[in-house]
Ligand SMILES: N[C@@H](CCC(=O)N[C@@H](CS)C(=O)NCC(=O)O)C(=O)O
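As C-alpha cells, one chain now follows by itself in the form predicted alone.
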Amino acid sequence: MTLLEFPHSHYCEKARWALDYKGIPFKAVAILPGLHMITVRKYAPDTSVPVLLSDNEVVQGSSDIISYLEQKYPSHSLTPTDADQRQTCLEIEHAMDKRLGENIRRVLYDGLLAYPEFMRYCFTHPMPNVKQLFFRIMYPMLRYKIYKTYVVSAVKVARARREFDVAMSEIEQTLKQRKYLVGERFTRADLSVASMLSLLVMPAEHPFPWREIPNPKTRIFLDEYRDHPVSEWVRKMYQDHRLNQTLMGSPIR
C-alpha cells in the first residue's frame, strides 16, 4: 500500500494517522509540487493529495481514504456505529477540513511563501539532493501558483483568519464538557480536527520533523494559540492516539 503525499500537509497527515491508527503498513512517497500533477494524474482524476494506492484500487482525498480503510479494515474503527453519532462525526470532519484546514493553509502560506528554503524543506524533506535542486529552480513559478491558488489576496487572508478564530471557538465550546468531539471514544472527527491543527500545534508525535518558523508575523499567529484549550486538546489527542510512525517502520519516500 502506497500513500502519495506532501510530507508537511495536514490533509496527508490525516490519511497517515488513519493508516497508523489501524496498524496498516504502507509506504509514504513524497512527490514534488508542480510535477505532482503529472504523477497523480497517472492514477486519479484530480491532482490533489493524498492519494492511496492499494492493489488495483485508487482512493483520493483524506476523508475518502478513511472511509475506504473503515470498510476494508474494520478493526480499530474510527466511525461510530450509532447513526446519529456517525452523522455528527462526518459533519464535523467535513466542516472542519474546510473551516480549519483550508483557512490555516491560507494564513500560513501567506506568511511563509517568502521563505524559499523553508518551503523547500516542507515539500522535499527528505528527498534526494537532485529533487531539492529542482525545487529551488522551480520555486519562483511554484510560489506564484501557490499564491494564486491558496492565498489569493490580503482580503481573503483576513477573512480566513476570522473564520479560523470562530471555528476554534466552536471547537472549544464543544470540548468544555467532554474528552472527545463525538461520543465517548476517539473517532475520525477527533483525528481530522487534530490533523487540521497539526500545523498550528506541531506536536512531537507528528512524523514530520518540524523546523523553526522563519517569519516573525507567522510566529506571532502561532504563539497566540500556543496555550489555547483546543491546542492543548490536540496535544492530548496526539499523545494518546498517534503512534509514532517510526514504530510502524520507516516510510519510503
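Treat the numbers as computed from the prediction; the structure is a model and nothing was measured. Residue positions are given as counts along the sequence shown, with the first one as 1.
The next section is about a form of this same protein that is not shown, the form predicted in complex with the named molecule.
With the partner left out here, if you bring back the named molecule in the predicted bound form, are Phe6, Tyr11 and Arg105 all within 4.5 Å of it by some heavy atom?
-> So, yes: the whole triplet contacts the named molecule.
Based on heavy atom distances of at most 4.5 Å to the named molecule in the predicted bound form, which listed stretch, 46-54, 201-209, 223-231, 185-193, is the contact stretch?
-> In the other structure, the partner sits against 46-54.
Should Tyr147 be counted as a contact of the named molecule in the predicted bound form, where contact means heavy atoms within 4.5 Å?
-> No, Tyr147 is distant from the partner.
Go through 82-100 residue by residue and record those having a heavy atom within 4.5 Å of the named molecule in the predicted bound form; state none if no residue qualifies.
-> Read in sequence order, the lone residue that approaches the named molecule (within 4.5 Å, in the predicted bound form) is Asp97.
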